[in-house]
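Heads up, the chain below is alone and in the form predicted alone; it's given as structure tokens.
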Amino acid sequence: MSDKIEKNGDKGHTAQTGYVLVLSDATAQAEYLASSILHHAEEKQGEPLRIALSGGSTPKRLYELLGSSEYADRMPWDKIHLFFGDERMVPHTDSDSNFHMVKESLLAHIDIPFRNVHPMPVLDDPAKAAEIYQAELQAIYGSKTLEKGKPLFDIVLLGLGGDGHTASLFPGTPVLQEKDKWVSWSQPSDAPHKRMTLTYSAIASSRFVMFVVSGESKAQIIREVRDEDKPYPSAAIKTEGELHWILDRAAGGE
């Protein structure tokens, strides 16, 4: 596999059929992803690049690299729009907030227009917050209906929990059955805070889905999601574009 993700004729991937790239460590993952994002931004030739960001310590390395001198001035931030795959219903100043993490690691270090950053709203009523974010996505997309061949996102970054969850699609939550909404919410039984999340249909409307996973503790769940018929939320991820697993050696079982 090349050091950049290229287009190919095999469109439409699931969590089981996606490509796997195993890199040496989390630093190599960040370097690969930063290079890929720059490549995709250049490929768009001035058109907006829409990225749905993930929370967690592994993508944080990517955000720190994108905010460093190596990339901060090379990225066409005026053409890049940053969205969020999920968010906890806590203030944006809270240390548990994905937006807070992204702000500290990336946004504070780059010259990106305010209008290009799209945090998920935080309200006491998560269903209302989800409606507001969906309306924002629909306005940007230009339609209330997702159309095949017209992806909502260019890149969706996803993590993977030890219980098989991704974004805030947790086992046993009603959001897993959602067929129509682009954005909804969940209340995990074994994790704090109500959460807003992109749904399966919104994630599927993407050019590239990238699972970014590191650490030996994730090796077994990755194998089960990819190779076994188990009902993990992450196992149901699919995209009309391409899906890639970007792993370090420990997560890749090497």
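All residue numbers are counted from 1 along the displayed sequence. Everything numeric here is computed off the predicted structure, so don't read it as measured data.
The following text describes the form predicted in complex with ligand 6PG, which does not appear among the structures shown.
Given that the partner is absent here, state which listed stretch (27-35, 48-56, 200-208, 224-232) has heavy atoms within 4.5 Å of ligand 6PG in the predicted complex.
-> Correct option: 48-56.
is_contact(Pro126, ligand 6PG) in the predicted complex, heavy atom dist at most 4.5 Å = It does not: once ligand 6PG is placed as it appears in the predicted complex, Pro126 has no heavy atom within 4.5 Å of it.
Arg88, heavy atom within 4.5 angstroms of ligand 6PG in the predicted complex = Yes - in the predicted complex, heavy atoms of Arg88 and ligand 6PG come within 4.5 Å of each other.
Just to confirm, Gly161 within 4.5 Å of ligand 6PG in the predicted complex by heavy atoms?
-> Yes, Gly161 sits close enough to ligand 6PG in the predicted complex that at least one of its heavy atoms falls within 4.5 Å.
Is Ser184 close to ligand 6PG in the predicted complex, meaning a heavy atom pair under 4.5 Å apart or at it?
-> Contact check for Ser184: no, nothing within 4.5 Å of ligand 6PG in the predicted complex.
Looking at Lys194, Arg61, Lys218, His40, which is the one with a non-hydrogen atom within 4.5 Å of ligand 6PG in the predicted complex?
-> When ligand 6PG is considered in the predicted complex, the option within 4.5 Å is Lys218.
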